[in-house]
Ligand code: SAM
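The chain that follows stands alone, in the form predicted on its own, written as structure tokens.
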């Protein structure tokens, strides 16, 4: 199978229709990722087929949560190389997307990606979640926060839930066997105004990778003392 077939067929396996226009954007994105990765550390995945499966299709699995609308206001917290935010924006072009990352070089790369593949209505923030989660223009201002990060769920929740409106959602992309981590994070999630409402197990197309999507609904306002100052959530996770 060629890369286009893997992208389209993999999308189909996830219940998604990836058309030629989207595919073209994905392939320009792929080329830019490979090019920029030679200058700054964006990903350890450099094989083209693996980029399609482990970055693009993996990001698009978020749509299987059922919480995204065509025009949802979404923040990708700690977006890194643009995942899952940019693939979601390619698929739902009317998303109002904010990409937040602590490294300015990555933000510059993401600006070039979005310019080259003609994605409009994208906001770029160079900064830390703990700082921007306190700012009035961002706090409880998003329908959905997404994160694909290695941090524990209680830490990620402190980064992400302050951005989410009441009745909005935080979608965390996690690995398999997540039940114990969810159980440990429940008190932290409740403290931050959230509630775990679903967990979806995903088999990634054309791979033996299983992962989980944890869906947390914001059921009440996050207390003003959260997020705590930069660095604290990771040093002293909420229990």
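Numbering follows the first chain given and starts at 1. A quick note: this is a predicted structure, and the numbers were derived from the prediction, not measured.
The form predicted in complex with the ligand exists for this protein as well; it is not shown, and the discussion that follows is about that form.
In terms of contact with the ligand in the predicted bound form, the residue from 100, 164, 86, 153 that brings a heavy atom within 4.5 Å is 100. In terms of contact with the ligand in the predicted bound form, the residue from 144, 114, 129, 90 that brings a heavy atom within 4.5 Å is 129. Per the 4.5 Å heavy atom criterion, the ligand in the predicted bound form is contacted by stretch 102-110, the sole one of 136-144, 164-172, 102-110, 116-124. For the stretch 145-176, the set of residues having any non-hydrogen atom within 4.5 angstroms of the ligand in the predicted bound form comprises 148, 149, 150, 159, in sequence order.
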